[in-house]
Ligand code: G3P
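The chain below stands alone and is given in structure tokens; this is the form predicted on its own.
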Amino acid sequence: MRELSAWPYPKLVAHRGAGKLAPENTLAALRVGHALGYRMAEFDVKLSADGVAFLLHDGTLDRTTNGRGRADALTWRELSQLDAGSWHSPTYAGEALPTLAAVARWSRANAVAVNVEIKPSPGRERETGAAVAIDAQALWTGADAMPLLSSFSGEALAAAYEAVPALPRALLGDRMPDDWRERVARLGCIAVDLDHELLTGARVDEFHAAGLRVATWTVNEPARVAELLGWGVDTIITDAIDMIAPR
């Protein structure tokens, strides 16, 4: 059995800042999660046309802003003018897209740890992985808990590893690859971050025996949270931050 890596992260993590209670991937969402006692947030990061790291899940602007088309087609100056809150509710009308730098300032000031999911636009996988890792290292220098980087893109995660090997990384997936041992070794990961439906108690034990921490998503039923914690899962990402107490 390999020794487990240090894991300075809470058991419960707010998905995209506040689950569904506020517009995802905004500072408003982070504040809502914090107000409900959550001390770690997961969010998605990509690059603008001019290389600024900012928070957004989709490849296009249509669903969560008043913009249209590819998210990486606009400069940060253009993106910063968009309304990223009205789609959710009138309460958040005018909420802006945040940069990774703005989130770093807020999270460090409020002692909130972060899971940065690298979400590259198509064709910009390596560029985004490297840029986000370099920014994360600089923005969180001296923090008690460095950002945990994850990505569905192996190419982006590999570039992050090459750029800043010291940052913690998690292999993110919605399926169980047969070669997971080789993948985590190649990407220098300290954790796996899997769809909770892929996990069993035996599988969690197997990952721990391999020296890997186990994170999982997106778990919104309290009974399932209790089951996963009973198996020793290290961190659970949830939308249900108003129903599941942070710990």
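Numbering starts at 1 and runs along the sequence shown. All of these numbers come straight from a predicted model, not from anything done at the bench.
One more form of this protein, predicted together with the ligand, exists but is not displayed; see below.
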Proximity to the ligand in the model of the complex (heavy atom, within 4.5 Å), stretch among 176-184, 201-209, 66-74, 38-46:
38-46
Using heavy atoms and a 4.5 Å cut-off, decide whether 55, 132 and 169 all contact the ligand in the model of the complex.
no
Answer with yes or no whether residue 228 is in contact with the ligand in the model of the complex, where contact means some heavy atom within 4.5 Å.
no
Looking at the partner-bound form in the model of the complex, is residue 152 within 4.5 Å of the ligand by any heavy atom?
yes
Are any of the heavy atoms in residue 128 no more than 4.5 Å from a heavy atom of the ligand in the model of the complex?
no
Mark residue 237 yes when one of its heavy atoms lies within 4.5 Å of a heavy atom of the ligand in the model of the complex, and no otherwise.
yes
Within 2-17, which residues have a heavy atom closer than or equal to 4.5 Å from the ligand in the model of the complex?
15, 16
